[in-house]
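One chain comes next, on its own, written out as structure tokens in the form predicted on its own.
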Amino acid sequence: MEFSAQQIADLLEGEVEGNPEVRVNSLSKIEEGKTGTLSFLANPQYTPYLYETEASVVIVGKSFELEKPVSSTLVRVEDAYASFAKLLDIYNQLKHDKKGIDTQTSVSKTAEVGENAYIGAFSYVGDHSKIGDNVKIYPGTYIGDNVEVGDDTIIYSGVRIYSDCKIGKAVTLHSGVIVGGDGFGFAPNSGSYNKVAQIGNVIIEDHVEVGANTTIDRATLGSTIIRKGVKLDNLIQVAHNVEIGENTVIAAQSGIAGSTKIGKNCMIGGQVGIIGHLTIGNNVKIAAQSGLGNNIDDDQIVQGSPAFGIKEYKKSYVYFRKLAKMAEELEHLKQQVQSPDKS
């Protein structure tokens, strides 16, 4: 893919300063710019690189004033960062503009595949599954029976979606994601454990992104639900019958036990552990490596294991760091009380 400076300016409603015919075919950081690349300058801290970069085209703000001549062609826009982000999105869409079903796939005769969909080699689509318009399914993907995948969703290589699960529109599932594996349900029985059948499903609503190797278990009964706009990082475990509210974000290596309900707009740090059957309110923030064993009300910020209010945690941590010294002082006072004549 190659574009001229003028084409980029037209796309961004900007103005060209320099050679409008210079062409670029890739993107770069301004400090690493090479001939044929497009870059941008938004942070004033990087201004010196503008006079050194070899990038053929650089996007800058309309109000930016040059201190000396530059070799790059400039495209002046209202907001350099927002304009570059727009280009990244367009570039990403073009990169994924694949269509058609590879001959080395297995798509059930009873499955439905929408317009402009792409299904890569060595993928499998089960009976009665429905694949929406513009869906991209990369090679080596498994989609079970009765699965629904909404329009404009991207499913990367190595994803496994078990039967009866429902994936919304404009969802992104990265490699290694497993949707609908059995929940961890076992009943004790005379020194052993009997498996409890997991007959529910997983529902992922629109505009959700799930990072690599994250697992979302199917419900025992009913549904495990990931609401609209949720963003899950890599290596997260979501257990059976969990519900995660709209626009909540969860960082890597966190684990959520069964039947816990998490509210809207929450922010959960990495390596957080949450036990089962809890209710976590809306707008809650949970610091990394915290362990939750109790319900959390709306708008709380918590830290620690077990987690409690972050202000109290920080006050307590001041004393914790001094604990060894305090113990020595306490022992000294104890000796004084027991042997006053030696003080």
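Rigid core (definition): largest C-alpha set, two forms, superposition within 1.5 Å. Residue numbers run from 1 along the displayed sequence. None of the values given here were measured: they were computed from a predicted structure.
Form predicted together with another copy of the chain: not shown, discussed below.
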Contact residue in the predicted bound form, from T215, T73, T260, N134 (heavy atom within 4.5 Å of another copy of the chain): T215
Looking at D127, E112, D206, E78 here, can you tell me which has any non-hydrogen atom within 4.5 angstroms of another copy of the chain in the predicted bound form? D127
With the distance limit set at 4.5 angstroms and only heavy atoms considered, check whether L88, P306 and L323 all reach another copy of the chain in the predicted bound form. yes
If we define contact as a non-hydrogen atom of the residue within 4.5 angstroms of the partner, is K195 a contact of another copy of the chain in the predicted bound form? yes
Please determine whether A252 contacts another copy of the chain in the predicted bound form, using a 4.5 Å cut-off between heavy atoms. yes
Given that the partner is absent here, does A117 sit within 4.5 Å of another copy of the chain in the predicted bound form, heavy atoms only? no
Using a 4.5 Å heavy atom cut-off, state whether Q93 contacts another copy of the chain in the predicted bound form. no
For the stretch 127 to 145, which residues lie within 4.5 Å of another copy of the chain in the predicted bound form by non-hydrogen atom distance? D127, Y138, P139, G140, Y142, D145
Hey, does S26 budge by 2 Å or more at the Cα between this form and the one not shown once the core is superposed? yes
Against the rigid core, is the Cα displacement of G291 between this form and the one not shown at least 2 Å? no
If you line up the core, does L41 shift 2 angstroms or more at its C-alpha between this form and the one not shown? yes
